[in-house]
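Coming up is one lone chain in structure tokens, specifically the form predicted alone.
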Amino acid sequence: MSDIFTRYGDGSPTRMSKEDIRFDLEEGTQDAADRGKIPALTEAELDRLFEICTMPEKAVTVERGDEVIVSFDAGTLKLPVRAGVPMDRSAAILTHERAFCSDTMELGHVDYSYKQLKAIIHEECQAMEHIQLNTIIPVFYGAMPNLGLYTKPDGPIENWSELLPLAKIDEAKAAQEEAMEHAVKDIVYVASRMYESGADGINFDTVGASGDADVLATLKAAEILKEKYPDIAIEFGMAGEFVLGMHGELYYDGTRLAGLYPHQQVKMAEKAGAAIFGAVINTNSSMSFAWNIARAVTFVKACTEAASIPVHVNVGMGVGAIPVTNTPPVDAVSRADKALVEIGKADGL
């Protein structure tokens, strides 16, 4: 009879023997090492990770003194939209500050993309000014670059996802390059207005969701914003553990973006002026929690070692070893957080 309660990557409960958990830990770290061409976890780190995975408590935490900062993406969408709690965005932020004791918070609109926010920027500026008058914690403004919104029928550009299957490679590349120009202008415009309205920082959320052109547009926008406002705090939250090469031939500062993993992505974000980097490691829903957390910690350890800015690991559903389910179980979430901080040396979550 297997004696350790654990879960799969989809959140479903199971029981595993200690031997199987140890085996999955070793397989997970090796998978990350092979894919990212980074060192696997040491025996001592695997031993510690095994202890965390097999702790009998339902929820665990870091030792006193090892606490880290938390930041948010889609911050004001969590309670009123995702959880269905009837409150406005201002109340959601105050709840996070005064009830949840959050370190930071983020104002975001339900239409969470920079392109869409141009039409309502005046209302968003007003909302930020009001929130800043009533809060103490730093409040960021966040949205997605979302390069896909610039394709027809939502935008003026041909859809490269439709062009590529037709082998119209040059046309698909040109479409992405045109979309980048629009995205950079929109991101800079919206972020500038929100920063001037009192935002303590700007969050670029889900960077790379549309591939390497999405990443390059965000990097260019960050450069412009940093030049305009030298003290601006910019957070990069990535979309996936490696950059999808939808274009394939885009470079930033001499480095090809397609295929970059977190420890390489963070260097690009630093060069563009980012103050915080949100590393993403995808959860495999069919593998065990042990396999997923070993893999996540391996990537995060390499990322924090390479970084000269704080790394806030994305630990929402489906990333950072968190199970792919709308309400992630606290036993898995707390163990993932503890491991990412203690072994991966994450600066925040």
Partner chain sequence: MSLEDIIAEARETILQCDQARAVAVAERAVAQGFDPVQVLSEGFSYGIRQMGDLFGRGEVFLPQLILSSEVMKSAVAILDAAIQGGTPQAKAKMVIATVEGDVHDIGKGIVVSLLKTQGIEVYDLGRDVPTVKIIEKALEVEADIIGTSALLTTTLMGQKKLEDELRKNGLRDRFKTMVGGAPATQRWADRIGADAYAEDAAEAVTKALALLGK
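Quantities reported herein were computed from a predicted structural model and do not represent experimental measurements. Numbering follows the first chain given and starts at 1.
Not pictured, yet referred to below: the form predicted in complex with the partner chain.
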Specify the contacting stretch among 266 to 274, 215 to 223, 251 to 259, 85 to 93, defined as having any heavy atom within 4.5 Å of the partner chain in the model of the complex. 251 to 259
With the partner chain left out of view, which of I120, I137, I169, V81 would have a heavy atom within 4.5 Å of it in the model of the complex? I169
Among the candidate residues E57, E63, E43, D34, which is the single one with a non-hydrogen atom no more than 4.5 Å from the partner chain in the model of the complex? D34
D10, P165 and F242 each touching the partner chain in the model of the complex (heavy atom, 4.5 Å): yes
Report yes if any heavy atom of T304 sits within 4.5 Å of a heavy atom of the partner chain in the model of the complex; otherwise report no. no
Quick one: does H247 come within 4.5 Å of the partner chain in the model of the complex, counting heavy atoms only? yes
Just checking whether S334 would be counted as a contact of the partner chain in the model of the complex - the rule being heavy atoms within 4.5 angstroms. no
Residue contact check: A209 to the partner chain in the model of the complex, 4.5 Å heavy atom: yes
Could you list the residues in 319 to 333 that come within 4.5 Å of the partner chain in the model of the complex, counting only heavy atoms and keeping sequence order? V324, T325, N326
